[in-house]
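Just one chain is shown here, as structure tokens, and it is the form predicted on its own.
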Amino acid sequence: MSVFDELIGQDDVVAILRRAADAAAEVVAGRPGSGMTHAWMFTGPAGSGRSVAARAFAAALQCSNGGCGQCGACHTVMSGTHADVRNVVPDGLTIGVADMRALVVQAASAPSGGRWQIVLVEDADRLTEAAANALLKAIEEPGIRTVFLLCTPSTHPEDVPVTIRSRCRVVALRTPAPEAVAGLLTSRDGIPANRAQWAAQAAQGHVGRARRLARDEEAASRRAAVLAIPRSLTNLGACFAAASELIAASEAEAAAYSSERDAGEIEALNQAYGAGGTGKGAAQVARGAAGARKELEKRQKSRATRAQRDALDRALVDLAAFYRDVLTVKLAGEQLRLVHPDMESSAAAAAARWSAESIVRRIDAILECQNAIAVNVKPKIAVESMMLALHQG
């Protein structure tokens, strides 16, 4: 067993990271060879395993056996509780400069118990300009035992400043094959082979999404509702109704994701401030709690916005894949595998009605909607415009 076992379909990447962990062990032992790379950037499409690779590499760096998967160092890194590994996951749409500066200061200190001080930044493309500048300075002058691991989508690598990218060793991941994802779901989660294969194909190689589709009936129902949209766009009223339903579904999914976590955070804050306490100083504590609660609610609102946009983006990816299937049937018949094989009859019917050019225009409309939301156009306006374009073809 190894910390790299869940990094499926990435044999070349695993080999690179194993060699790097061996080189890092030489540095720890006082026998530096070709030198240690202190900044890494993991790129790849959604679901390819960027954060999985970074976390596994962090465990391998802290493990005296190169990521055995059995020791305390491996277990604590993989569970996110290692004292010398700091995971930066944006609660909202961006990672701010205050958070980054605090982490940089901590990372400059010597490891408290591990072999390295490691800062793992998920969604490094969400760094604000000021936060990126703070990180750049730390990467340019790293501590002797400090390593930075950055994860960023390959679709928009330019979102990370070139000054940072040029100082990182880039590790490019690819989307794993559906067969590899299905095998993992079956061996790790005990999901029946047929359902695992369906989920892996429907999720387009996204491991986390495939697991949700296979285990969560509500997630599967939301997907089915999205894929029913093309058939429902019969008139202008239906277009606006479909847009409202899609926005409402993304909001409901985000609320389900956030509600339990939000409640736990508020309860923990109340306990920390001694909610309901009386006596001397209680009023001052209450004022402090009110300020902290306001700040927490602000972060939770930002996180909810991000969760909704992520849910909407997943729906748009599914919808684009359906039109891609329609184009595949139109041009190649059954020679190529469909992303949504359970929608083959609907794809065939649509392919018989639409020209190849109109199918491409529909795919472009979805991409334009994604781009509009990315530059902060209100999702409802962007989705309504997209539905009209899908109807008109």
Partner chain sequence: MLDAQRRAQVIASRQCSDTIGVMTTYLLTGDEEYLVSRAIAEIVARTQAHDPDCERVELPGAQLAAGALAETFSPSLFASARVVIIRDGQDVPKALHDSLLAHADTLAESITLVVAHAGGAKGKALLEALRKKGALVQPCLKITKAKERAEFIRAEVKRAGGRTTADAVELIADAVGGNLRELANVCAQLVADSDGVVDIDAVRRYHSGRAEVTGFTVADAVMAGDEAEALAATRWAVGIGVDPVLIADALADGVRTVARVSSAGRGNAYQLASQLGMPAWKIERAQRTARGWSAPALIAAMRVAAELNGAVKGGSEDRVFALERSIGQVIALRSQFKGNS
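Residue numbers count along the first chain shown, from 1. These figures come from a predicted structure and were not determined experimentally.
Here the subject shifts to the form predicted in complex with the partner chain, a form of this protein not shown in this document.
By the criterion of a heavy atom within 4.5 Å, Gly237 is counted among the residues contacting the partner chain in the model of the complex. Not displayed here, the partner chain is kept clear of Arg18 by more than 4.5 Å at the level of heavy atoms in the model of the complex. Though the partner is left out of this view, Glu368 does reach within 4.5 Å of the partner chain in the model of the complex, counting heavy atoms only. Contact annotation for Ala23: none of its heavy atoms lies within 4.5 Å of the partner chain in the model of the complex. Of the candidate stretches 166-174, 237-245, 313-321, 204-212, only 237-245 has residues with heavy atoms within 4.5 Å of the partner chain in the model of the complex. Although the partner is absent from the chain shown here, none of Met36, Val105 and Ser109 has a heavy atom within 4.5 Å of the partner chain in the model of the complex.
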